[in-house]
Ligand code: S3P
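Here you get one chain, nothing else, as structure tokens; it is the form predicted alone.
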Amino acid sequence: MKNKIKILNKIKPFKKVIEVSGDKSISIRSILLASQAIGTSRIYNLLESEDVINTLKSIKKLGIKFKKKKQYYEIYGFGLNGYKTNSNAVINAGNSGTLARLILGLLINLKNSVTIKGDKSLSKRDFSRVTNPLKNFGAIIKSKKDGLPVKIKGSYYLRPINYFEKLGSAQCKSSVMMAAIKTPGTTKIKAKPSRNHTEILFKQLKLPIKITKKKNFDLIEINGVSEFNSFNYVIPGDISSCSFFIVLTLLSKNSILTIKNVNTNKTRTGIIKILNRMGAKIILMNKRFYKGEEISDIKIKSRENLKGINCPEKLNSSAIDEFLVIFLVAAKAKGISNFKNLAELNKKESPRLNIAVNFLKEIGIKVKRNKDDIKIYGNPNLNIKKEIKIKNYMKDHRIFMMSCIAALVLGGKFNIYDSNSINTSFPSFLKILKNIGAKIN
């Protein structure tokens, strides 16, 4: 079968310095905001994954031109009313929930109707979480069973809304924020804490935003209809991509890894906080700030005697994309690890919580599940000796990458299908693994 790899041996000790690709969340947001700015924006170190390329194709469908230069992309924006398209245009978001949800927010003032569609996986995800508030702004939206495709037609008579985002979804919050900048008046958002890249970008672009932090939620106020100028941006490394190499190093023997120029925004570093509580000693070095985002070099050393954790729920949203590899660490840790309220994991590209539980059982780890809570009974002596096939996981890029790390640190003979799934978010993943010393057939 095509797109299958084999990993038959654990990785040998290594000492390496690497860099990972640009942050996917910031890449997509930068393109979308550049498409609404006035003038020419330049974006450096843009992640060239399928999700990001689909974002570029989407703004082109909406009349926005861009050029790829040697070191950057140029995007030519015409302001908040700059989108132009024929009626009944179709935008394909592929596998990207970030693109599909955020661009819907930017279409609420477009005269002609646009249909957003996605791949099989994305089409199963719940879009009522953004279409309902966008309807309240005044947009006309039609969809079947609250999923994709979604047909949207904007309005000239938009009104601000009050919106409560209670699940910790940065995508849903950001969709409403994008709509708010196009709406006269003040939109008020009460949101459970989640990734704040959109808020930081708004501040850097001098959009009228006010943020008040409370104990369990953020209050965000946005005054709409303020044009903003083009900008230059250098995208930092993606910590979600780093997570696989962090866990690879942590669970390998006698290894040290430094990952340079990584976005270590505190809304994204849940994995580091969780793993350090389990006995890791992951260090952030050379900290600095770039346009409101914290950037660091991450240093990881192999660690034995890792221990289980009662994972605080408050860390869930800042580690939601990294739980798959966190579970691998729990599988090798001493004692029981408890994780609670992980419903959001099943609302990703695949039902990740379901798949993770089945995977852990397949490799010989005892797992107890109660709805969205799981207990993982760690085994520090875990050493797989059987053959394992990883397939039929809806081509979820993070399942593929997690399986590669498991094979390299836990042993066994792994046949992992759909290797092209990494093109969604991290095309250079296997190349970097091989550079570190992984033997991949």
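So that there is no doubt, residue numbering starts at 1 and follows the sequence shown. As the structure is a computational prediction, the values presented were derived from the model and not from experiment.
The same protein has a further form, the form predicted together with the ligand, not shown here; the description that follows concerns it.
- Contact annotation for the candidate site: 25, 98 and 348 all lie close to the ligand in the predicted complex (heavy atom within 4.5 Å).
- When contacts are judged by a 4.5 Å heavy atom cut-off, residue 395 does not count as touching the ligand in the predicted complex.
- In the predicted complex, no heavy atom of residue 296 sits within 4.5 Å of the ligand.
- Within 4.5 Å of any heavy atom of the ligand in the predicted complex lies no heavy atom of residue 199.
- The closest heavy atom approach of residue 169 to the ligand in the predicted complex falls within 4.5 Å.
- Contact annotation: the ligand lies within 4.5 Å of heavy atoms from the stretch 320 to 328 in the predicted complex, the single such stretch among 85 to 93, 320 to 328, 248 to 256, 152 to 160.
- Only one of the listed residues (291, 129, 301, 369) places a non-hydrogen atom within 4.5 angstroms of the ligand in the predicted complex, and that residue is 129.
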